[in-house]
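Just the one chain here, the form predicted alone, laid out as structure tokens.
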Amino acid sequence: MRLAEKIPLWLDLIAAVAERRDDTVRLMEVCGTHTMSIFRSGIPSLLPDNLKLLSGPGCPVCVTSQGDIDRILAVAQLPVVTCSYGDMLRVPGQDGSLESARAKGSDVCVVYSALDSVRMAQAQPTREFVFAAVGFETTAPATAAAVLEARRLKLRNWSVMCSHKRVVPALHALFAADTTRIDGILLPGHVSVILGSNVYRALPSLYDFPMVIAGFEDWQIVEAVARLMELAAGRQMVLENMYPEVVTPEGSIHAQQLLRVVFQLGDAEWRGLGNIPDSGLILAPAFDDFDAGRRYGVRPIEGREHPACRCGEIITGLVQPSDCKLFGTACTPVHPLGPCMVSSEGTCQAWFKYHRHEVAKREAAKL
């Protein structure tokens, strides 16, 4: 039997475990790619009513604080070329977005890697280039490699506005807050390739729920959910790596070395989680010359989010997108008011694309 053909068996197992529970089981994924895969595959519609899947702080664009976004926008107002990943282009700040800044004349371009921006700076030595670096440990090694390449090339017209964040401190902050009841965690696959599974080893017993690392295919996710249900039912507070073909216990040693060379730990502001000590990756002193904030005098900015946007609550599992009065009305992928609706890995965008009609049908059936 092919693995995908086992999905009905795993769904039966999930239903059987859920039926024995007289409460609601709450499982959380903390990876934006998992979020999109879950909804694109229609998995929530196949699960029992007393099993809820919550989306945690797994979308790198969504967790980027409003202040960090506004700092990037401040740089974009300068006579520089601001290079960014595509997901960041439409994230709203206090006074527009990178997309609107470009429409007003700012030089903003989309790149597919940090090294693209380095090559652009090398080819155009009379222009200044700034790379807006966001993301977790998945993309941070690429930024580190770009910094090292810029130093090797002795570039004086390239710098980086760094907003990289570390996943494990965020997990500690989320779980320690104890504001959202969680019965199991689906850990991030991409980040785990870099960090390895050992970094999570102490978490299940510390916070009293099981954790599973899983791949991104529909069958991998359903299998992982079934296993989490089994572990939670049996009170087995353990970590299981169900993605061993790419996630090893020690992770990518080379990528980790890049991070240690180029970055040092620092406090970082997270949307929905606030300031978390040592959760940021900032340039080490040896690379101060490539720090765009220092070069252009762009100081930290206290961000002000849209007063009705609930992205912070959504990415910490406190509410679902449908609980936000802006969702699907004032806030849509065409006219987003918060990052969760902008990013391709955002929970609100996933709901809008794949789940809002299912929710409407369920609500109508209750009437």
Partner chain sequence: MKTLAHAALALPTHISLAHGGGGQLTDDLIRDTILPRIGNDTLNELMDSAILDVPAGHRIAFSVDGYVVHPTCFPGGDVGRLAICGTVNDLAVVGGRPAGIALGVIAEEGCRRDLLERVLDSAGEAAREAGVFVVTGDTKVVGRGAGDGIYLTSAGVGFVPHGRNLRAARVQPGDAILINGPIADHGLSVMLAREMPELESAIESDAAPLNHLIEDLLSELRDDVVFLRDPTRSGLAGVGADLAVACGHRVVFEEERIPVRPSTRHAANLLGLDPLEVANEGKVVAVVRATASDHALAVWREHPRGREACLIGHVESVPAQMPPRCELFTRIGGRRLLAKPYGEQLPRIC
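Treat the numbers as computed from the prediction; the structure is a model and nothing was measured. Residue numbers count along the first chain shown, from 1.
Just so you know, the form predicted together with its partner chain exists too; it's not on screen, but the next bit is about it.
Using a 4.5 Å cutoff between non-hydrogen atoms, residue 218 counts as a contact of its partner chain in the predicted bound form. Interface membership of residue 227, defined by any non-hydrogen atom within 4.5 Å of its partner chain in the predicted bound form, is ruled out. For residue 333, a non-hydrogen atom is located within 4.5 Å of its partner chain in the predicted bound form, even though that partner is not displayed. The shortest heavy atom separation between residue 353 and its partner chain in the predicted bound form is within 4.5 Å. This chain lacks the partner; the member of 172, 119, 190, 295 within 4.5 angstroms of its partner chain in the predicted bound form by a non-hydrogen atom is 190.
Site annotation in the predicted bound form: the residue of 324, 61, 69, 27 reaching within 4.5 Å of its partner chain with a heavy atom is 61. Heavy atoms within 4.5 Å of its partner chain in the predicted bound form are found in one stretch of 71-79, 87-95, 227-235, 278-286, which is 87-95. Scanning 40-55 for heavy atoms within 4.5 Å of its partner chain in the predicted bound form gives 40, 41, 42, 43, 45, 46 in sequence order.
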